[in-house]
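The chain below stands alone and is given as structure tokens, in the form predicted on its own.
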Amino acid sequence: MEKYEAIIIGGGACGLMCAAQAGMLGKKILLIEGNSKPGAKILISGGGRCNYTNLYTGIENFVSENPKFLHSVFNQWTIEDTIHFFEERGIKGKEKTLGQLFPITNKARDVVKIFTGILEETRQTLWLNSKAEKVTKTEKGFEVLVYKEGKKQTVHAEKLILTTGGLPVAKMGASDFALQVAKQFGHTIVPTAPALVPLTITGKEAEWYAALSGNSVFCRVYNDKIEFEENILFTHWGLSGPAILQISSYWRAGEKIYINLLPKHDISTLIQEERNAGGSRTLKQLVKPFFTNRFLEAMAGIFPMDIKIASLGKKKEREFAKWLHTFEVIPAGDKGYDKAEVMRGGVNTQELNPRTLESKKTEGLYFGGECIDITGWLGGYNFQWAWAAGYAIAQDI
């Protein structure tokens, strides 16, 4: 039987980075992955292009009960380290919007190839189509029962690393295995929920959203916690688009969110300027440059859009300004884990060593990536966390 210094369960971003870094340090690792290929979420991220980091990553870009936990890990592995790591292996990045860095080739598979190449070079063992079913603590470390190639077998190692991700996208093998193991060894779990997820609208209001399905509008979306300025997308079941996905991580059932549908302009100022010019244009003509015809038609169902500005009363102006800049939404819910980018919540960071990510409750047990109560914004932040976590664990095992 082969002897391993550590077993990593989960061949996603964090698991691949951990195995690669450990291999480069001369350690012998077994990486267990349930899919037929490693890096499933890497391959679909960014529409198959993989925005592998964000140039502006900071702890303020993460949702957690204890975001300061990130300081130690990010001090060990920086954005510059990520850029250098990939450039050294042939991937140069190009910045898109808001600091998102994509491979210049626009191919996510090139990112995965770097890791599989390192595993081959350092002679690490990668088991695909293999499912870890049970973990047992032994005197010498850990025993893992694995279902591989139609039969069960047991593997042993002194160290065990759980990087199995979270609950989103079950068809890619998502599971709560890391959370189950964490509970098994006495860890508490910060309540989990879908994050970076579209929000649903029900009732009579749903008809208005459905009528606008397919319309994308640049907006400021906000609540009493945070705000984001990006596009939103109206759908037949509610709201999606980058700004909605972002704020969904900060939304809780029953809460309101607000949308400024014209964040770059003050409608009252535009109306006054039109009045000063004679007020011959209609309200529809005034806002036409900013919205699609379908959106203008939807507005007309709420406000008299064909009224000339010269005839627009102050009361109606205030009502329109409030609606346009403080559009109120009370989502009925979200689209669930199958449509979520990531999971919110997870293994409590208070019970992990902030430098090594080792359990404070069980020596030799580590957790990394999405299964921990660290959830990044949309746009490469979660990958930066995954690379940094994988690096930190590898230095200690």
Ligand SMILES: Cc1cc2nc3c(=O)[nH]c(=O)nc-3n(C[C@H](O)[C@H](O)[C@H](O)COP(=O)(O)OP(=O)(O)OC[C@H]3O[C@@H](n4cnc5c(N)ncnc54)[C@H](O)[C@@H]3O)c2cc1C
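Residue positions are given as counts along the sequence shown, with the first one as 1. These numbers come from a predicted model, not from an experiment.
Below, we refer to the form predicted together with the named molecule, which is not included among the displayed structures.
Asker: Hey, with the named molecule in the predicted bound form, do 10, 44 and 177 all fall inside the 4.5 Å heavy atom range?
Answerer: The answer is yes: all three residues contact the partner (heavy atom, 4.5 Å cut-off).
Asker: Using heavy atoms only and a 4.5 Å cut-off, determine which of 32, 70, 347, 365 is in contact with the named molecule in the predicted bound form.
Answerer: The residue in contact is 32.
Asker: Which of these stretches, 324 to 332, 347 to 355, 368 to 376, 22 to 30, has heavy atoms within 4.5 Å of the named molecule in the predicted bound form?
Answerer: Residues of 368 to 376 come within 4.5 Å of the partner.
Asker: With the partner left out of view, is residue 310 within 4.5 angstroms of the named molecule in the predicted bound form by any non-hydrogen atom?
Answerer: Heavy-atom contact with the named molecule at 4.5 Å: absent for residue 310.
Asker: Report yes if any heavy atom of residue 18 sits within 4.5 Å of a heavy atom of the named molecule in the predicted bound form; otherwise report no.
Answerer: Result no; residue 18 lies far from the named molecule in the predicted bound form.
Asker: If we define contact as a non-hydrogen atom of the residue within 4.5 angstroms of the partner, is residue 130 a contact of the named molecule in the predicted bound form?
Answerer: Residue 130: yes, in contact with the named molecule in the predicted bound form.
Asker: Since only the chain is shown here, I'm wondering whether residue 169 would be in contact with the named molecule in the predicted bound form (any heavy atom pair within 4.5 Å).
Answerer: Residue 169: contacts the named molecule in the predicted bound form.
Asker: What residues, if any, in 379 to 397 have a non-hydrogen atom within 4.5 angstroms of the named molecule in the predicted bound form?
Answerer: Residues within 4.5 Å: 380, 381, 382, 383, 386.
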